[in-house]
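Only one chain comes next, encoded as structure tokens, the form predicted on its own.
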């Protein structure tokens, strides 16, 4: 059977780097195996699911290049969940419960105070037809729990290795709410079974869910997928990430921080693995290097400073064609490959190219600290056309004429020509500045 994986976010907030790491690992796993990648929106939480978040998920994945082969939306499948729920009720695996949230909280608190696990006591199974009729006449509507078999649940996890749960140590999960809406524990299984998902790769916070869902797969007649549970990503301080808090959202990294998609992908693909984190320019490179066996059980930390360093390293490698659109969006539609190759070694974000465009194409107030020396240098400026050899030719002549060398030679020229103490190599900038502008700046004029 062909490998089929899914990324199933809830559109209840902005995707953060932890969410996208799971999407990326699923996508890489599928592409490495020649399989398919499904994007499924788990949007049955109607109060919190928002269209703008659904659009944001698609936008973030598209920006990263994580194209999907199939798409599904849980809100389109309520009829199917009703069918499965009816079959489970008929088989006795789904039973009605009438406790209020307050009553359940009291039960849990009592068990915890006794040092016992807060497992549901199945009191609802002891209700008679008359009991249920009386409760419903009082206005109570049932929620529905799945009756677990008290047998061991075992699987071999691709990350955690052999996993074992005792069925008797698990609490019967609620699958249908009082208002009739299905919960994730049911809908996820039905979708995975119907859509022939072969591998479920998700966060380790779902390990206990998996023990429960394996029994639901068996009850609905679905093939049980292979599972892999990745350690959850934390921030640099070890704190968990949250969609609701907007923690390290992909949107903010893209729009506010100016991060390149391959910088984020290069980092997230290697975090928590035995591989070194190195800049990669294409997803195909990451696919070639991917092996889920390299994922460690240790908690990986996401450091924005490491991402920024990686972003700079990638920019220093990117050809002009890969950034032309970004430069145009910054108002630099006239920028060309010569300009890009001149400035990219000094960039950590593409947006910083605007500063160097201003230096080479807009008026600059020079720092003319040594007018006499600069006048001598100006008199020695070669005639145009200029190329990458012009800087060496000119400074060689200035050195011979003035006797200056090193910092005493180069820094006054840099400050006069660019208004700055540092930046890209002047052999690259000088042809972009041009002779007319250079002469004026050496004379102390804004040009």
Ligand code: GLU
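Note that the structure is a prediction, hence the values are computed from the model and not measured. Positions refer to the first chain, counted from 1.
Omitted from view is the form predicted together with the ligand, to which the following refers.
Peer 1: Would all three of 21, 29 and 266 be in contact with the ligand in the predicted complex, where contact means some heavy atom lies within 4.5 Å?
Peer 2: Result no, not one residue of the spot touches the ligand.
Peer 1: Just one of 206, 270, 143, 322 has a heavy atom within 4.5 Å of the ligand in the predicted complex. Which one?
Peer 2: Contact check passes for 206.
Peer 1: Could you spot which one of 202, 77, 280, 147 gets a heavy atom to within 4.5 Å of the ligand in the predicted complex?
Peer 2: Exactly one listed residue reaches within 4.5 Å, namely 202.
Peer 1: Hey, in the predicted complex, is residue 8 touching the ligand, heavy atoms inside 4.5 Å?
Peer 2: Yes, contact at 4.5 Å.
Peer 1: Check residue 184 for me: does it contact the ligand in the predicted complex (non-hydrogen atoms, 4.5 angstroms)?
Peer 2: Although the ligand is absent here, residue 184 would touch it in the predicted complex, with heavy atoms inside 4.5 Å.
Peer 1: Check residue 311 for me: does it contact the ligand in the predicted complex (non-hydrogen atoms, 4.5 angstroms)?
Peer 2: No - in the predicted complex, heavy atoms of residue 311 and the ligand never come within 4.5 Å of each other.
Peer 1: Is there a non-hydrogen atom of residue 249 within 4.5 angstroms of a non-hydrogen atom of the ligand in the predicted complex?
Peer 2: Taking the distances in the predicted complex, the answer for residue 249 is no, it never comes within 4.5 Å of the ligand.
Peer 1: Which of these stretches, 271-279, 329-337, 184-192, 347-355, has heavy atoms within 4.5 Å of the ligand in the predicted complex?
Peer 2: Looking at the other structure, the answer is 184-192.
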